[in-house]
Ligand SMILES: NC(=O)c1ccc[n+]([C@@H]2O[C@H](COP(=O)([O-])OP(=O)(O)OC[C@H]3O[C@@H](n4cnc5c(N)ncnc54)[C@H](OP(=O)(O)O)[C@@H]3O)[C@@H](O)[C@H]2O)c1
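As structure tokens, one chain now follows by itself in the form predicted alone.
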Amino acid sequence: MRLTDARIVLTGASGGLGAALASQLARAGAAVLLSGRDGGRLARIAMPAGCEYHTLATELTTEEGVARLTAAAREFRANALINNAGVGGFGLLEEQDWGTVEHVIATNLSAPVRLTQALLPLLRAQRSALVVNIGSAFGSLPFAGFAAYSAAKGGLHAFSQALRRELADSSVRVLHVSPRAIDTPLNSPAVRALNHALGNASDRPEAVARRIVRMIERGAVERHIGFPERLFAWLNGVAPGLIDQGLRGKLPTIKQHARSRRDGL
């Protein structure tokens, strides 16, 4: 898709990756409709002069929120949707309350599926259209301490593949992106400490946004961002037992940091 022709609905726009994407998409010539929970943060996104952009504060885990954004997207004449909104979910499953688990799944999986379904009639009516789902390396490489999050992101990956095959005879293209950890203020102190303890690399949101913009321009359909995470995701698909063994030695460290999060340390 040529970004100069793109009219993009971007969810989670007030977050670290979302704000970087908003700015870079606009610089590339796209018109953008920015959605997020916090209207004040949406208003503070640094956008390039002269670009066309609109903002809408809404909660996409509710039926009303999805309906509001769907109506705004129709008025905006959107031909692309980037499902970027998401929340983390670090913690041991048996120690998390169900409300937390439900919120992680609703935000990372149910909301993008529901919004995509609502916007498909509009997108199918365009000469060229695009759905981009921002997943996670943990969707292909499920990780201890992130059971609900991995389940949601794994579901989003499967949804993207199924939808791409379902829309193969249409004008709508589907791209799924799996970044590794992204260094943003949205990461909790416990997650930052865990990444440091395990030596997990993190990417700057601006660098990830640049990669995603290039993927859109080049017509990619599925990409992992980060090495060796890309290799480990492939290995998990062909020999998950090896990943089990590799992560078992890290389990005490993961549990230590998960419990520090729970105890507020």
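In this text the structure is predicted, and so the values were computed from the model without any measurement. Numbering starts at 1 and runs along the sequence shown.
One more form of this protein, predicted in complex with the named molecule, exists but is not displayed; see below.
In the model of the complex, no heavy atom of residue 92 sits within 4.5 Å of the named molecule. At a distance threshold of 4.5 angstroms between non-hydrogen atoms, residue 185 is in contact with the named molecule in the model of the complex. In the model of the complex, the named molecule lies within 4.5 Å of some heavy atom of residue 84. The named molecule in the model of the complex is not approached by residue 26, whose heavy atoms all lie more than 4.5 angstroms from it. For the residues 63, 38, 52, 217, the 4.5 Å heavy atom test against the named molecule in the model of the complex is passed only by 38. Of the residues 151, 181, 144, 72, just one reaches the named molecule in the model of the complex with a heavy atom at 4.5 Å or closer; this is 181.
Contact with the named molecule in the model of the complex, defined as any heavy atom within 4.5 Å, is confined among 165 to 173, 106 to 114, 122 to 130, 73 to 81 to 106 to 114.
In the model of the complex, the residues of 5 to 26 lying within 4.5 Å of the named molecule by at least one heavy atom are, in order, 12, 13, 14, 15, 16, 17, 18.
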